[in-house]
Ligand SMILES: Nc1ncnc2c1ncn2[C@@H]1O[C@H](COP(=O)(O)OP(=O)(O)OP(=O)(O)O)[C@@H](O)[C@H]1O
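Before any questions on how it binds or moves, here is one chain, the form predicted alone, in structure tokens.
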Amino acid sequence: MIQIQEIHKSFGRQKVIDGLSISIAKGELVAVLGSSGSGKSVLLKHVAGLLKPDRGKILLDGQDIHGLRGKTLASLRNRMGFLFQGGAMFDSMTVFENVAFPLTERTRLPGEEIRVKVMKELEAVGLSGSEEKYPSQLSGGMIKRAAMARALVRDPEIMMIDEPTTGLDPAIRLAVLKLIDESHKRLKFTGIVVTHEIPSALAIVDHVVFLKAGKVYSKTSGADFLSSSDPVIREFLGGDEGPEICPQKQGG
């Protein structure tokens, strides 16, 4: 479904993406790992259409997203959801209004149908009863859940998730990862998760893509990545022992 073909991206003299290529199958959930500056978030923004490569192509269902214009581009973007690192909630809006925003701005659904969809999504992320609260009244974990509901309310086919557990305590990090796993199983979206959450995040994904120097260094299962004897991967994981091996993702 997603084909990234030899993309390059520089900011001034800094080369961030250097001939990166990868394919992600329909319905696959992939974790993108790498050291700071390896190109993780820049890759995500390219797939989302927020950045344009200097060279190379990004194809979604065979369509080059950076060659599209007008209604065709808008239709493609409507199939996407994006969970931003900080949640990116509108402070002046309630939780309900935040989650409803993609529907009120980009669809012509009647108000009652919007209300039903929003309340259903809030229930799915465990925020029933919080719809009238403002972001300032929410914990960090609740903000991530509300942002997830907003990203999923239009049933996206493609999800980009940028550092979903940053700044959260361990118990809440695990809860957010469980929510991502449950949402993926429920909606069957094709997803890319940029994360530092090792090994926990690797148990919910189909594959791990490891970036180094703006290229794909490896694509493996989570368990194979954590048990790899490759010295570059061992160094990234923090030594010979590394973190505890994660279980293989279970289907369903």
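So that there is no doubt, residue numbering starts at 1 and follows the sequence shown. In this text, the rigid core denotes the largest set of C-alpha atoms whose superposition between the two forms falls within 1.5 Å. The structure displayed is predicted, hence computed values, not measured ones.
There is another form of this protein, the form predicted together with the named molecule, and it is not shown here; the text below is about that form.
So in the predicted complex, are 197, 200 and 221 all sitting within 4.5 Å of the named molecule, heavy atoms only?
Verified in the predicted complex; spot residues all out of contact, no.
Give me the residue from 131, 181, 157, 163 that has a heavy atom within 4.5 Å of the named molecule in the predicted complex.
Of the candidates 131, 181, 157, 163, 163 is the one lying within 4.5 Å of the named molecule in the predicted complex.
Using the partner position in the predicted complex, report whether residue 191 sits within 4.5 Å of the named molecule, counting heavy atoms only.
Answer no; every heavy atom of residue 191 is more than 4.5 Å from the named molecule in the predicted complex.
If you check in the predicted complex, is residue 48 within 4.5 Å of the named molecule, heavy atoms only?
So residue 48 does not count as contacting the named molecule.
Considering only heavy atoms, tell me if residue 85 and the named molecule come within 4.5 Å of each other in the predicted complex.
Because a heavy atom of residue 85 falls inside 4.5 Å of the named molecule in the predicted complex, the answer is yes.
Consider residue 67 of the chain shown here, and say whether it contacts the named molecule in the predicted complex, taking contact as heavy atoms within 4.5 Å.
Heavy-atom contact with the named molecule at 4.5 Å: absent for residue 67.
Based on heavy atom distances of 4.5 Å or less, which listed stretch (59-67, 202-210, 223-231, 31-39) is in contact with the named molecule in the predicted complex?
That would be 31-39.
Need the contact residues for 1-30: heavy atom within 4.5 Å of the named molecule in the predicted complex, sequence order, or none if there are none.
Heavy-atom contacts within 4.5 Å come from 11, 14, 16.
Indicate whether residue 167 shows a C-alpha shift of 2 Å or more between this form and the one not shown, with the rigid core used for the fit.
Comparing forms between this form and the one not shown, the residue 167 CA shifts below 2 Å.
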